[in-house]
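Take a look at this single chain, the form predicted on its own, given in structure tokens.
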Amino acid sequence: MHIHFLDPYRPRPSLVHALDARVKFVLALAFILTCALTPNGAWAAFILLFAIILSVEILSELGVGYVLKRSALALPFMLAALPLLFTVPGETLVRLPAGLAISAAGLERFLSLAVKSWLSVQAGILLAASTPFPDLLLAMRAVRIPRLLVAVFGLMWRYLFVLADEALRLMRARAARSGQREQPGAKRGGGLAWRARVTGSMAGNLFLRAFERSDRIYMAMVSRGYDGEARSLPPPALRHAHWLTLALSLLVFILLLLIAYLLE
């Protein structure tokens, strides 16, 4: 089975992959919501949430390292929470130049937000890697997400591949037209300004080609009856095992939140 390099889905013969997409989608949202609602500094609850997501990673057969490496995507977004270290009032831990001071409450809130983001990104990676994207769209419609929003997700995903294919075509065309220097170690092309000008020209050409091709694709979809609804055969009814998995998992999340607030 050919997998596009942009597609995060990785087929595996695991229990997580075999689970219904609707159940996985609801559980992923419930896990992210539980992380968001967990009070700051509830480290015992965070450890339990990490144990849950780690268990699912093992069951998915994707590999713990696969998910953890891609969860580093959350690190740049954590930088947006750095001002909390200095703006939240509380006991001063460290004094820095320019009158800045790191408070204990600010450090606790920053670390809590970092852990919440990290755990939530892992849940999203697991959902995307264990569920084909068309099944995710159908799961969104099954839980009554507005049709327009689902259509935007679907078109954005499809046109992302269109953009990537057009970029690969441009790069192949450039490589086919580039000459080779006989001297070992000699650079091809001109200086930095020349390379910047060529890159800008390629970016503009890429936008125009992708825009024209996406318009042709959309008109072809409309001519075949597309009206914004992701249609398929009626999904099978959820079995008792699915309902039981959903109910038990939601109950565990609710208990985690109750314990976290009681301990706080």
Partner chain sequence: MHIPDGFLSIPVSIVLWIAIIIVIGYALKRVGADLGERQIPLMGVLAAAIFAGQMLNFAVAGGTSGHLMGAALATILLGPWAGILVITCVVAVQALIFQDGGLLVLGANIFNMGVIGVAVSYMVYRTVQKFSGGRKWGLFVGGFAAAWLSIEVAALAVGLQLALSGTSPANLAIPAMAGIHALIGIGEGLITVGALAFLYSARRDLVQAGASQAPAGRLVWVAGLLIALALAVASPLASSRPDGLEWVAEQNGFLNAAQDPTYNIIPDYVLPGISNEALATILAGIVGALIVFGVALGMAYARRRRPQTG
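The term rigid core refers to the most C-alpha atoms you can superpose between the two forms while keeping them within 1.5 Å. Numbering follows the first chain given and starts at 1. Quick caveat, the model's predicted, so the values are computed rather than measured.
Unshown form predicted in complex with its partner chain; subsequent notes refer to it.
- Although the partner is absent here, Arg109 lies within 4.5 Å of its partner chain in the model of the complex, judged by heavy atoms.
- Although the partner is absent here, Ala175 is not a contact residue: none of its heavy atoms lies within 4.5 angstroms of its partner chain in the model of the complex.
- Shown alone here, Leu148 lies within 4.5 Å of its partner chain in the model of the complex, counting heavy atoms only.
- Its partner chain is not drawn, but in the model of the complex it has no heavy atom within 4.5 Å of Leu96.
- Contact annotation for 47 to 63: residues with any non-hydrogen atom within 4.5 angstroms of its partner chain in the model of the complex are Ile47, Leu48, Phe50, Ala51, Leu54, Ser55, Ile58, Leu59, Glu61, listed in sequence order.
- A movement of the C-alpha atom of Arg216 reaching 2 angstroms or beyond is seen between this form and the one not shown when the two forms are aligned on their rigid core.
- With the core held fixed, Gly65 shows a CA shift below 2 Å between this form and the one not shown.
- Val198 shows a C-alpha shift of 2 Å or greater between this form and the one not shown [criterion: core-superposed Cα displacement of 2 Å].
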